[in-house]
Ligand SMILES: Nc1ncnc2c1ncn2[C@@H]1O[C@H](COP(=O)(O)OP(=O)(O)OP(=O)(O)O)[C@@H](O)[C@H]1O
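Below you will find one chain, with nothing else, as structure tokens; this is the form predicted on its own, and questions on how it binds or moves follow later.
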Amino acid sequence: MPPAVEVTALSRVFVGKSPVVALDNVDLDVEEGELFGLLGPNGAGKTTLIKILSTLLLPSKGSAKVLGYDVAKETSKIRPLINMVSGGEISGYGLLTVRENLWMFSQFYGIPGKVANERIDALLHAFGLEDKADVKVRTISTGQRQRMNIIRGFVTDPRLIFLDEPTLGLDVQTSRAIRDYIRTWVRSQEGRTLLLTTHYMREAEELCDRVAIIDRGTILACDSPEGLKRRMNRASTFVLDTTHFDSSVISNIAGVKGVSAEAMKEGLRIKLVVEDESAISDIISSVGASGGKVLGLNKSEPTLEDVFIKLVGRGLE
């Protein structure tokens, strides 16, 4: 079987007064039956790649095939076999009920009425929306609307589904329900493929068979989460707790490969990837010289986030 997604030397340039290179000579394969993750900071090219693969955008050069069909020449063959859901999107018609919206989308794909109703009922139950089935969409919460959007993606039973930040801004319980369903859906039938973009490292590490890390339109690495973490064997990761100071000074210290700072109530929590542990003394000195105070320092086992920070040089933002 050919790969579910086959991308070769793919580029996309948005032309204007200042041309923007969104994708730069990307090569990528996603195997059929795989749960594949795409990680990158804002503006890395994730959504542009998804739009090309879902036939919403043409490439500037190179080629891409989805389920064996060319995205530029065979869109009519691809579209009935795929679906796409983006987190935070405003989807559906507010005057219609949840069930009516899902029914309408199912009919766009020509799904027989009985089959559509059975799928809608099963998915409403799976996502805890049974009590909202006959409620107008304009009256439901943001989280409930996003659950409806997720159901819309799966109600057509696609061979390949693209989920672009599906749990963005959702509560823990809803996010967990979505992850549980994603895992079950891919494994329950041979040949189903899912391509996920996410800002949540733990989500990618928990769900994905393989993960590609993209930045500035270029794929930096592609492997299983465990394979990516093994690449950290020459680097050390530390968690540094400090009072507030300008943490950007740390990035320029010799031996530091990546820095990610998170504001905490009492100060900053800084994740560091260093290739030479002797850099820690210089880091501590720079904290003091910049008006900060070290509250704690711990060495940790590498995570997918540490790999990302090492490759990209910064955290997701």
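Start at 1 with the first residue shown and count on from there. Here the structure is a predicted model, which means the values were calculated and not measured.
FYI, the form predicted together with the named molecule isn't displayed, but the following is about it.
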Original post:
With the named molecule left out of view, which of Leu28, Ile250, Val274, Ala44 would have a heavy atom within 4.5 Å of it in the predicted bound form?
Top reply: Ala44
Subject >> Contact residue in the predicted bound form, chosen from Arg159, Arg231, Arg119, His199 - any heavy atom within 4.5 Å of the named molecule >> reply: His199
Original post:
Hey, in the predicted bound form, is Thr48 touching the named molecule, heavy atoms inside 4.5 Å?
Top reply: yes
**OP:** Look up in the predicted bound form whether Glu203 has a non-hydrogen atom within 4.5 angstroms of the named molecule, and give yes or no.
**Re:** no
Subject >> Touches the named molecule in the predicted bound form: Ile309 (any heavy atom, 4.5 Å) >> reply: no
Original post:
With the partner left out of view, is Leu10 within 4.5 angstroms of the named molecule in the predicted bound form by any non-hydrogen atom?
Top reply: no
Subject >> Interface segment, criterion being heavy atoms within 4.5 Å of the named molecule in the predicted bound form, picked from 60-68, 254-262, 275-283, 34-42 >> reply: 34-42
Subject >> Within 113-151, the residues that have a heavy atom no more than 4.5 Å from the named molecule in the predicted bound form >> reply: none
